[in-house]
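Before any questions on binding or motion, here is one chain by itself as structure tokens, the form predicted alone.
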């Protein structure tokens, strides 16, 4: 049975107790923006003419560069200096337990393959969450996504809206699924990619078109500002999702998973609630969250 994503619009900011007050959340948003833009400057100014792969992760085509590590190290140092009691969870291995109840969830370069090839869609993503470092249980308080190449910066704070470079954002409200421009992404394991291709053949004939830009954080922010109508992807990690999903939700998007589950690694779907409900049904019909080797 399909979930009703209208109730899931606040998935990235689900209720919690003992949350910081609005002024503190606003300050966390400003710090997230400062952190993302400083790390973005490091990534932009330090990019060599030829980027070398330092290591791989989930597969031979899932790279880590020295700049991924340098950006995360900068973020770790700045967070420790500004808020020494907070924890941190980062894509490149940072897992620092804090005592404040807050954890910074960072992706030092979201879109590393784009960075590697010089394709202009990669970002630094910084979010701060309250509660245990578990996406199913935390509350995202604030976040920022900084597009490295062109300098656009999207920010959001829980209950305080979302902006791009200070301009308030609102998602599109397309009248029908067939008019929707849809963003998505693909995994690195061959079996997962094959299954995602199968699902794509179910979705593509029923929407305006598909875009695959290579950075989940940017995709969610483009959704928030109306440059995409819908977005779906399987396989997102917490650092891919935290800041961008908050920006989308604070811009009025429903953000959900399939079959009543919250957004997460199994599936994330975002956009205006009525169209999300239709896309969720399509994805469920296609078995987009079903088992596949390599997931």
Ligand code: LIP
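Since the structure is predicted, the reported quantities are computational estimates derived from the model, not experimental observations. Numbering follows the first chain given and starts at 1.
One more form of this protein exists, namely the form predicted in complex with the ligand; it is left out here, but the text below deals with it.
Comment: the ligand is not present in this chain, but in the predicted bound form one of 171, 79, 216, 182 has a heavy atom within 4.5 Å of it, namely 216.
Checked against the ligand in the predicted bound form, the candidates 137, 212, 202, 83 yield a single residue with a heavy atom inside 4.5 Å, and that residue is 212.
For the chain shown alone, residue 236 is a contact residue for the ligand in the predicted bound form, at least one non-hydrogen atom being within 4.5 angstroms. Looking at residue 195, you'd find every heavy atom of it more than 4.5 angstroms from the ligand in the predicted bound form. Contact annotation: residue 103 falls outside 4.5 Å of the ligand in the predicted bound form, judged by heavy atom distances. Proximity of residue 112 to the ligand in the predicted bound form: non-hydrogen atoms within 4.5 Å are present. The candidate stretches are 42-50, 225-233, 247-255, 27-35, and the one lying within 4.5 Å of the ligand in the predicted bound form by heavy atoms is 225-233.
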